[in-house]
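Encoded as structure tokens, the following chain is the form predicted on its own, with no partner shown.
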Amino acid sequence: MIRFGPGNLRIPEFQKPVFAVAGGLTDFRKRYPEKNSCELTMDAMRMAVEENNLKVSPEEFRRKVNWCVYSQFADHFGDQLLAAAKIHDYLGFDPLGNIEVKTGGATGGSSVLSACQAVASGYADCVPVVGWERMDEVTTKVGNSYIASAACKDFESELGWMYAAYYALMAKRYQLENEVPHETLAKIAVKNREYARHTPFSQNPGKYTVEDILKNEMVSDPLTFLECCVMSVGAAVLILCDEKVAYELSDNPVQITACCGGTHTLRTADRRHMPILLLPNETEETYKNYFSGDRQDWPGFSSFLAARMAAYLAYHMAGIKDPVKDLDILETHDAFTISDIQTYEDIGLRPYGHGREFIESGEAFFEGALPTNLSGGLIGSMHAVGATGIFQLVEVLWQLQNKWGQFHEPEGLWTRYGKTKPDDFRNLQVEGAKRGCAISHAGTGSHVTCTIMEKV
């Protein structure tokens, strides 16, 4: 049983404020043969520097950069070690220092955390975070096995080298413990694929009903194809600065008030029972009847201690008392519908055992109390793994800067990517959004980051 000491729960502090000033994306596709990874990251960087209303020219921006962080999940896909070195050179940042980060599906979030630490410590004052993934040079079957190797090969790999199978076991356990019908999970897929219809960056948008989701081809019982994330190719860029440089570059930078990480065992079977780590909106009374019926352990097989740890630190760091009330926009790592509803509980949107209430209440929808995954998420829009956590924060940044329409509505953006804007296009800008959060998640919950951004 894990028991924390006071040092373990120390709340992090930034010695200097950290700001995000601009973001850029490519669109995301199953295959992108016409552009290599260097070209894709350049496209995302150009959008960040040239289309975000920065007050300097691209060359002036380049001269301000003094450290870079790169985010790529797997060298396997592109068969290129030190790919960051090629991209760093291609983007014009040699001979500046850089680091490449790898923490599975949370690589994007961990890369942003690394950049925050560089700025907050004073080591650097202008840091582009660049993420990408090249997942189209191998077959889907081989790609699935590469991704699945981020779980324990001595335990989970025996289930078929496929993450859907790993999460299907969690789904079964979660449904048993909490009496959650499949229809509840299907609502998440319907929501996220619908929001993906309203963005030119998305890979797998679609207008579906709950019945469509349930009747779709089964990948691993109970998860259907439409409940699973997509393998993607694409890139994302987020530019972080200290306060001085942020205002030299932008009139509306957004402050990163918290960026924190948690981890847990790679092997899910090693996750031992422990007291529930309480978030600011919870008390001992919240869980007085939690351990009853089919529920015996926490975190057990159906919760993510890493997510709870990251949220605990970030909420205290940013002064979040109640996430549903204090946040205006949220991006979760919806690799599968089950991981999304698990995360609702891990980050305190509902107490453990009651996650279904967040989606069924309507609070997770646009114009609800806490709109979630308006980007389309991983299920509807993308999972180019190294870019994913950065993509989430770019979407949050644009919401807080009131620029969602600028980067999703123009016909020119749709035609740039060879797409047709839908006739029923909907502007998903959250009115008056001031504070947002993104959860970046790896493996079966081995690494998670929680990042909170606030409009200044």
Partner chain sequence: MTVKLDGTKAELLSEEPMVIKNLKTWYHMHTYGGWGKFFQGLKQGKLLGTRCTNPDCQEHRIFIPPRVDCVDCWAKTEWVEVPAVGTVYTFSQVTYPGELFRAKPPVPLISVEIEGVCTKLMSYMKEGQPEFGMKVKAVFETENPTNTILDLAWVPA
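Keep in mind the model is a prediction, meaning the values are calculated, not measured. Positions refer to the first chain, counted from 1.
This next part talks about the form predicted together with the partner chain, which is not shown.
- Picking from 371-379, 312-320, 241-249, 164-172 the stretch near the partner chain in the model of the complex, with a 4.5 Å limit on heavy atoms, gives 164-172.
- Residue contact with the partner chain in the model of the complex: Ser145 places a heavy atom within 4.5 Å of it.
- Within 4.5 Å of any heavy atom of the partner chain in the model of the complex lies no heavy atom of Lys215.
- Although the partner is absent here, Gly104 sits far enough away that none of its heavy atoms falls within 4.5 Å of the partner chain in the model of the complex.
- The partner chain in the model of the complex comes within 4.5 Å of no heavy atom belonging to Lys86.
- Contact with the partner chain in the model of the complex, defined as a heavy atom within 4.5 Å, holds for exactly one of Asp94, Glu285, Glu179, Asp270, namely Asp270.
- In summary, among the residues Asn289, Ser121, Thr140, Thr209, the only one with a non-hydrogen atom within 4.5 Å of the partner chain in the model of the complex is Thr140.
- Residues of 188-221 that come within 4.5 Å of the partner chain in the model of the complex, judged by any heavy atom, are Met218, Val219, Ser220, Asp221 in sequence order.
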